[in-house]
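The chain that follows stands alone, in the form predicted alone, written as structure tokens.
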Amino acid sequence: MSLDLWSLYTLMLKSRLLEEAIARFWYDGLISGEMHLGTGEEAIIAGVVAHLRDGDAMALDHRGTSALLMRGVDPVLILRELLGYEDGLCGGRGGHMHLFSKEHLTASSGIVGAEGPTAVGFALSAQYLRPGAIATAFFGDGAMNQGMLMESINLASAWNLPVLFVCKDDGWAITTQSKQVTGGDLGERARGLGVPAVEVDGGDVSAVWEAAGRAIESARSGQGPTFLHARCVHFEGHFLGFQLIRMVRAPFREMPGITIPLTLSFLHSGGAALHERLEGLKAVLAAVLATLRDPRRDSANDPLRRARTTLQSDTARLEELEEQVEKELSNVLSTVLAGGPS
């Protein structure tokens, strides 16, 4: 298989536009609960999924929408599931964090680290039932501190299972910087369990595609698991509506909700000592300033922009492709909204 950047960009663009539509639904109140999007992960997902074939399996985390779409799951079913309709992908009961497709051997879970045991189970069954098939697990860097994921990497190594463990490392564990709660090097952890580890730029879809291709072929040929460590950014933070990002994007609307209570706390006669209140204020301001400098605000870290820049030499083809993808999404949205609750 040769690298086809046009096909990879198409997968990434479809994913980005679908998730932007999901965000609009969520902000309009049509989707309830938290919403975790994979915007910023597209190059990682596309670079891996492009190598998968019938019989391969995927274990996904709480950001499974992109992988499902790229694997071929009907976007109408995905959206109607998120809207809670009975004719959604999982009968309207899974929401966005617990999406399943038996046809595609794909399962997602909101339980951090659960992708490890799921992928190992898929891989073990592949050894007996589908020789040459592989399983892949997608998870964040925070999941690397979950015991069941580390146990799964160990078991995959001990049993030489055909698994690709894909760590989508954005440097954050929800709202805590990973370096504050994670010791050592993630690649070294995998190597310590006998699993080869590969570092890759998660914003470069070509680099991910090449690294994933080598790892998947290795697994298919019986050489066991690989750990793929791909760094990326989440442009919306851990979830939609992440407060610090809201404050940076719309300070005049969002800051009063923080600054007014803090100001009132200084005027209040009771409560903590003044120096403790000052420390609280300093912590809030430090968090806001850190967000201003956060790589999530730098469009140069956008994997779609990076891929598109490479393809701009053929402007006519690029514009035609983007117009077609936008038209397809428009038709999907029309179908989803026209149906109403089932």
Partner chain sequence: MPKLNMVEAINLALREEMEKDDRIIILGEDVGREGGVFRVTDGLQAKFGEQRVVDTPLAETGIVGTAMGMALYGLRPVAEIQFDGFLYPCLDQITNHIGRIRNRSRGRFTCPLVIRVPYGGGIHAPEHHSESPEAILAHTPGIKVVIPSTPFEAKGLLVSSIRDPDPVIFLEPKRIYRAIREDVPEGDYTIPLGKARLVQEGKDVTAIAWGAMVREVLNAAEELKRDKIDLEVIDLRTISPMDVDAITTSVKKTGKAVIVHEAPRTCGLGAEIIALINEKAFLSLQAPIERVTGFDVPVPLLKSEHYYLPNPKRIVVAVKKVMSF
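Numbering follows the first chain given and starts at 1. Worth saying up front: this structure is predicted, and the values here are computed from it rather than measured.
One more form of this protein should be noted, the form predicted together with the partner chain, which is absent from this view; the next part is about it.
- Per the 4.5 Å heavy atom criterion, the partner chain in the model of the complex is contacted by stretch 139 to 147, the sole one of 67 to 75, 202 to 210, 224 to 232, 139 to 147.
- Contact check for Tyr27, Leu79 and Leu89: none of the three has a heavy atom within 4.5 Å of the partner chain in the model of the complex.
- Only one of Leu240, Val195, Leu186, Met97 comes within 4.5 Å of the partner chain in the model of the complex through a heavy atom, and that residue is Met97.
- Residue-level contacts in the model of the complex: of Leu155, Leu124, Met255, Leu83, one residue has a heavy atom within 4.5 Å of the partner chain, and it is Leu83.
- Using a 4.5 angstroms limit between non-hydrogen atoms, Ser32 touches the partner chain in the model of the complex.
- Of the heavy atoms in Thr263, none are within 4.5 Å of the partner chain in the model of the complex.
- Proximity of Leu161 to the partner chain in the model of the complex: non-hydrogen atoms within 4.5 Å are absent; the residue sits far from the partner.
- For the chain shown alone, Lys179 is not a contact residue for the partner chain in the model of the complex, no non-hydrogen atom being within 4.5 angstroms.
- In the model of the complex, the partner chain lies beyond 4.5 angstroms of every heavy atom of every residue of 58 to 81.
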